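Just the one chain here, laid out as structure tokens, in the form predicted alone.
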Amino acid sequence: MSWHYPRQSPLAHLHLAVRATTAEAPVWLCERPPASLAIVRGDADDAGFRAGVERAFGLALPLVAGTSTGQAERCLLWLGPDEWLIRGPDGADLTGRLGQELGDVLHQRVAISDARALIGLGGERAREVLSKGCGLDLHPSLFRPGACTQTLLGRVGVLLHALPADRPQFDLYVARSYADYLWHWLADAASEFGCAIREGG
């Protein structure tokens, strides 16, 4: 007999749902709902690999460094010349779908849903919050909507994704063991501007 336990949020102890508000604020934070996440590696020059990934998810593989395809809840993020992160709906069998579509095409795939937490950050002053702990130039002319990068934020490794949106909005992928630290770091960095907690969206 096998047992399945639902994933518990690493931020559950903060009771964010009861603290959420719809009030406008220069900065807002939220914990994103659970998502299915997977890493896939393969040869970007292999047409069979590219086509298999696109058949599996209906999204073209991003081939330019630091770019993504899709929307926040369903996207492919470039991590390296032969490595991508896939995000899909919670419970989706991303690695199984890849296996079906790629078949004998040389590739590597691994599910990481249980290893990462997702924090959303947005608002007109969101870039200033990030700049307090990130050495990258995040000016909108350089780090445009759809851009993504692996970097350090407040001394913690994160994957930062600028979402395709009219106003500044970011998703931060972080190891679950650092989620609490990162949440409090972001809340503290945003406190001078005014920060609201929102539903995960």
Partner chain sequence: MSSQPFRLATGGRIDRQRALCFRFDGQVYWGHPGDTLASALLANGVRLVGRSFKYHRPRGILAAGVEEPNALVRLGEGARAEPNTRATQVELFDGLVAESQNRWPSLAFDAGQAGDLLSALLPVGFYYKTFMRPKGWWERYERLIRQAAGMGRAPQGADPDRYAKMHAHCDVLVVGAGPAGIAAALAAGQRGARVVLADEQAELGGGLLAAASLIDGQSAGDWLALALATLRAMDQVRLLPRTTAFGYYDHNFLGLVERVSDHLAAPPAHLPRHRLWKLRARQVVLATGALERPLVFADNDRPGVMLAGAAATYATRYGVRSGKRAVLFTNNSEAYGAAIALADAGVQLTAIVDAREDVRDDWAARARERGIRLLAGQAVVAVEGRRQVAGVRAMRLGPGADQVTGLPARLECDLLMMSGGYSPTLHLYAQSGGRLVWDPLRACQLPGEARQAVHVAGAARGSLELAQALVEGTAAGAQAAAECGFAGALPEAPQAEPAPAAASLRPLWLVPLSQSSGGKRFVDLQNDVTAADLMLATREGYRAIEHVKRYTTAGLGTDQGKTGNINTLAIVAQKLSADIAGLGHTTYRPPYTPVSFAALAGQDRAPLHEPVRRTGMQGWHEERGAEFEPVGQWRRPHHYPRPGESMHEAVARECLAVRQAVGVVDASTLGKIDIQGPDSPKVLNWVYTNAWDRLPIGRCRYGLMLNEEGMVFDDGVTARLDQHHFHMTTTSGGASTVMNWLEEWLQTEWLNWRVRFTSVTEQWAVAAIAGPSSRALLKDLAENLDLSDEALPFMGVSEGRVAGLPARVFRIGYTGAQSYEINVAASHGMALWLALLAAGEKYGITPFGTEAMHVLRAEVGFIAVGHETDGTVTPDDLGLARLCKTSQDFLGRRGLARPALRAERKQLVGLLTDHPKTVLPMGGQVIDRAELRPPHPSLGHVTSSYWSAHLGRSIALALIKGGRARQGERVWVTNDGGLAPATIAPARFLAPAEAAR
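Positions refer to the first chain, counted from 1. Since the structure is predicted, the reported quantities are computational estimates derived from the model, not experimental observations.
If you look for the form predicted in complex with its partner chain, you will not find it shown, but the lines that follow are about it.
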Contact residue in the model of the complex, from Glu73, Asp82, Glu124, Asp93 (heavy atom within 4.5 Å of its partner chain)
Asp82
TL;DR on 151 to 159, 22 to 30, 55 to 63, 165 to 173: the one with heavy atoms within 4.5 Å of its partner chain in the model of the complex is 151 to 159
So in the model of the complex, does any heavy atom of Glu101 sit within 4.5 Å of its partner chain?
no
For Leu136, is any heavy atom within 4.5 Å of its partner chain in the model of the complex, or not?
yes
4.5 Å heavy atom contact, Leu142 to its partner chain in the model of the complex:
yes
I'd like to know if Ile39 sits close to its partner chain in the model of the complex, meaning any non-hydrogen atom pair within 4.5 angstroms.
yes
Using a 4.5 Å cut-off on heavy atoms, what residues in 166 to 184 are near its partner chain in the model of the complex?
Ala175, Arg176, Ser177, Tyr178, Asp180, Tyr181, His184
